[in-house]
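First, one chain by itself: the form predicted alone, in structure tokens.
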């Protein structure tokens, strides 16, 4: 079936948006950069780069701890970014927005602070075979430490979650269901509303790893009724080293601190300490100030374009890429679940994924190759690794063509 161009009446000007990303004007191996690795880490628009630079040039000081002008200004901008994040995911209050170093720390925070307080031997945690290692290993820590039972939901051949298996695994001993909102390998969008509803019906809490969802679709944590939601700034066109944990206020209030240090206390004596109010109870030490402000700028940039328009553009790219890659002899796409986001993992019968990535890089095309921090999923599909092309708001059909041409070169060399 032919792929139709996006409606010409839409306001999506990809060339204008590409101009906002300085790195996209560079060359790799004498060819224009074709960056197809946004699922690993997205590039940064000038608006974010300039905002972070501005903080360090004219507005940097430690936050919450000074009465001088720079500290007050930095605190205002830092907390202002928290409000931008709250609005973006529709949290009820900024007290529900915890700054972390990334989604990995967000998930570890919940596992350590919520898990150690609420779990006992024999309690059950459900994950899936789609998970990133960051949403597997922290729960293994709890299994080994506390004696809880860790269960995993299998995946259908098309990459969708086996909901019949999930229903069978869900019991009155289930205490936590921790799943990806979107698979970082297959692009599958999990039926999270059903998962949350069913989990809550047996009294379980739900954590969603939103790293691969937050930049592709609107996320409303209140509408989802999710208990915890984690994501990283660097995949949302923001700086690295900054992430977010959303949690329902009542749950966060009842959890003990994850780390100790400055800013997470209200008072300290040698005998005891008392904790600061949310969200600061979970933010020990000097935070990533410029990075948090930069994440706020990244969200404002995405909002200026419109997440719905971005999603429409990416759907067009995904459809086009799926059609083009199907024409490459010996190439098999992993994951064809309907409604997936713009992530395409694939293998070729003539070349190892590492060789694929090396050859296409000679043509200026950047793709990922490896197990993508999802080894259980690779084992599930009986492959050791895969190549992955992932698309963002700045990618074009011409770049899909460049990828296809470079993959034909792979076949010429190895086929």
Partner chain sequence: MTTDSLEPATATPEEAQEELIDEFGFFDDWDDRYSYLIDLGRKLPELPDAYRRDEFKLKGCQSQVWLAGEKRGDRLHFHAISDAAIVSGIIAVLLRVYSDRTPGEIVETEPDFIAQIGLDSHLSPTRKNGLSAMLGAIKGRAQAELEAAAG
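Not measured: the values here are computed from a predicted model. Residue numbers count along the first chain shown, from 1.
One more form of this protein exists, namely the form predicted in complex with the partner chain; it is left out here, but the text below deals with it.
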- Query: With the partner chain left out of view, which of 352, 64, 46, 380 would have a heavy atom within 4.5 Å of it in the predicted bound form?
  - Reply: 352
- Query: Within 4.5 Å of the partner chain in the predicted bound form, heavy atoms considered, which of 55, 42, 359, 367?
  - Reply: 359
- Task: Go through 386-394, 359-367, 34-42, 66-74 and give me the stretch that gets within 4.5 Å of the partner chain in the predicted bound form, heavy atoms only.
- Result: 359-367
- Scan 377-415 and write down, in order along the chain, each residue with a heavy atom lying within 4.5 Å of the partner chain in the predicted bound form. 409, 413, 414
